[in-house]
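Quick setup: one chain, the form predicted on its own, written in structure tokens, and binding and motion questions come after.
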């Protein structure tokens, strides 16, 4: 006989309509909860404000990812094709540049041939930005994840059809089984259930 250890994931409460869910989100936000979410079959205008969700930090990561791509492209091209490094006193890097010089129609190979580098700089800027978006977003939202504790709830399957749910997680500092359940009941939550996750 095997026993499965479980831990509390949080409370899940169902609401009748968008208005009730919206007002419940405002009250949960005002109560000071930080680790909670709403689940709806469609986007609800203004829900981010009702939940107190702040602007994402992802654009800052993407900007610095793109800037890194630009710098990598510039460094790669100047290392391999110009006399720039010798000009600023780093002659030991110049040996690499002399290995692969790109002389086109007898044009000079120094830092002022920068416009020729723009296509590669642009491409690596876009490439690094795209990878930053992909991997940054996945890490920020906690994916990939093969299963979620909310999937054990039979009622939760309604969220993609006509159900409106609030889930307050147990890892929230304000979470308590009695206090959180009482709050959800006061807000008009129905079918409130304690969600448990296998350890």
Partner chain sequence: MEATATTHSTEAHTGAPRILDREPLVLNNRSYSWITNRICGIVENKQPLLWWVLFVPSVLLTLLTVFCFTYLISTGVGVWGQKQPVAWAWDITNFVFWIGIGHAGTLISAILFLTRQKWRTSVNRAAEAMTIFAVMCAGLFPAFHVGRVWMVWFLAPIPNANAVWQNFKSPLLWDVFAVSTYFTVSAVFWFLGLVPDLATLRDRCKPGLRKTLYGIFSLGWRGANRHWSHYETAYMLLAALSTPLVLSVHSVVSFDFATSIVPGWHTTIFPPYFVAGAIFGGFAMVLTLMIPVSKIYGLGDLITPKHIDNMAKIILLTGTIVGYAYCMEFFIAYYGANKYELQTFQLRGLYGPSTWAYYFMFGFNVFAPQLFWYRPFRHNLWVVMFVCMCVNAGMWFERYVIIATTLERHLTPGSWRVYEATWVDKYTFLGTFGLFMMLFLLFLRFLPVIAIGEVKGVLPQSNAHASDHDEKGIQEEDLMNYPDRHVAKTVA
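Keep in mind the model is a prediction, meaning the values are calculated, not measured. Residue numbers count along the first chain shown, from 1.
There is another form of this protein, the form predicted in complex with its partner chain, and it is not shown here; the text below is about that form.
Remark: residue 148 counts among the residues lining its partner chain in the model of the complex, judged by a heavy atom distance of 4.5 Å or less. Remark: residue 64 does not count among the residues lining its partner chain in the model of the complex, judged by a heavy atom distance of 4.5 Å or less. Though the partner is left out of this view, residue 39 does reach within 4.5 Å of its partner chain in the model of the complex, counting heavy atoms only. Interface membership of residue 22, defined by any non-hydrogen atom within 4.5 Å of its partner chain in the model of the complex, is confirmed. Using a 4.5 Å cut-off on any heavy atom, the residues of 146-167 that reach its partner chain in the model of the complex are, in sequence order, 148, 150, 151, 156, 157, 159, 160, 161, 162, 164.
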